[in-house]
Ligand SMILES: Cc1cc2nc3c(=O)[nH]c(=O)nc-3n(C[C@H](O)[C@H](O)[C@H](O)COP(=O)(O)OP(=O)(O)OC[C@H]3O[C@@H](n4cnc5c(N)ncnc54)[C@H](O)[C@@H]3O)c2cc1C
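Form predicted alone, single chain, as structure tokens, below.
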């Protein structure tokens, strides 16, 4: 007979947001079980995956509070002092900087695999968290006072709350009967690190050019992270080029603005699809991270929203624990859903609108986006709102 494991929370998915959720609950004295698909060795030593995460001041605060930030070496943290948005050969750029805000940087760039590793170290040192590796959820059964979870390794777990943090195509979300809006942008994102001859001055560039969208994210030294958004066929063709031809092609596409460029990492390609769950909660289950909202990377909100969402969830659950003595009470989960939807719905809609407007190459769209950039650069309330999203703690 299989013994049932008793815990407070089950987190499905040991990625960055899932681990942050586990740490947030554990630091409040709650018992957490994390179910993770990867083998322990791969989870502890995640490989470079090409993605660089632009962390806001709020996200760094959260990582500090849950004990993960101290495991990121300073050499892995790249300051972001200014951001520029350009379109085509239009000379006027939309600029965001820190002038008048009393801070030195807009945010920090840290590689995704570095963040994952820091969170895994912090979780490994947390006595209130148990980790089950190479496992998937096979069975969910919701009762009025608990949820029974069975994983593929044979564990049976009884918890007050289940948190799905298993990605934008979350099997747990589907198992719980929650649908989602899926927006396919019919593009892919090629990412890698490029060294160059001209210093980036810690300025991030988002450039909407005809037939392509490019982001250059400034890393420490004379290196930038390249994000190239093209059709799947175009990006896969670029991957077939020799190293010399690849470097020449990227230098040409970037317009030589950072001088000659040289690839200094592996390349990775990801499909561009946005996801927004129809609901963020059901009976004794909540969605966080990409399982709730999977953003287009064009505005760099994804991981930051994931961290903010799990913080919102933990606060709402603790309120339920204080008021009802039940951390999985529906009132607390509804509060979380309402709060998180207020933050994410306009950002999801706005990001999709930007991604659509700024990646269409027909002549009217080119003129519209030039006018929008010019207007936005002159509109101080708009620029202040965007900047405040980055530096608000």
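Numbering follows the first chain given and starts at 1. None of these values were measured; they are calculated from a predicted model.
This protein has a second form, the form predicted together with this ligand, left out of what is shown; the following refers to that one.
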query: Among 64 to 72, 333 to 341, 51 to 59, 24 to 32, the region lying within 4.5 Å of this ligand in the predicted complex by heavy atom distance; finding: 51 to 59
query: Non-hydrogen atom contact residue 116 with this ligand in the predicted complex at 4.5 angstroms; finding: yes
query: Contact flag, residue 9 vs this ligand in the predicted complex, heavy atom cut 4.5 Å; finding: no
query: Residue contact check: residue 197 to this ligand in the predicted complex, 4.5 Å heavy atom; finding: no
query: 4.5 Å heavy atom contact, residue 279 to this ligand in the predicted complex; finding: no
query: The single option of 180, 223, 135, 203 touching this ligand in the predicted complex, heavy atom within 4.5 Å; finding: 135
query: Partner-contacting position among 85, 189, 254, 111 - heavy atom within 4.5 Å of this ligand in the predicted complex; finding: 189
query: This ligand in the predicted complex - contacting residues of 162 to 199, heavy atom within 4.5 Å; finding: 165, 166, 167, 171, 189, 191
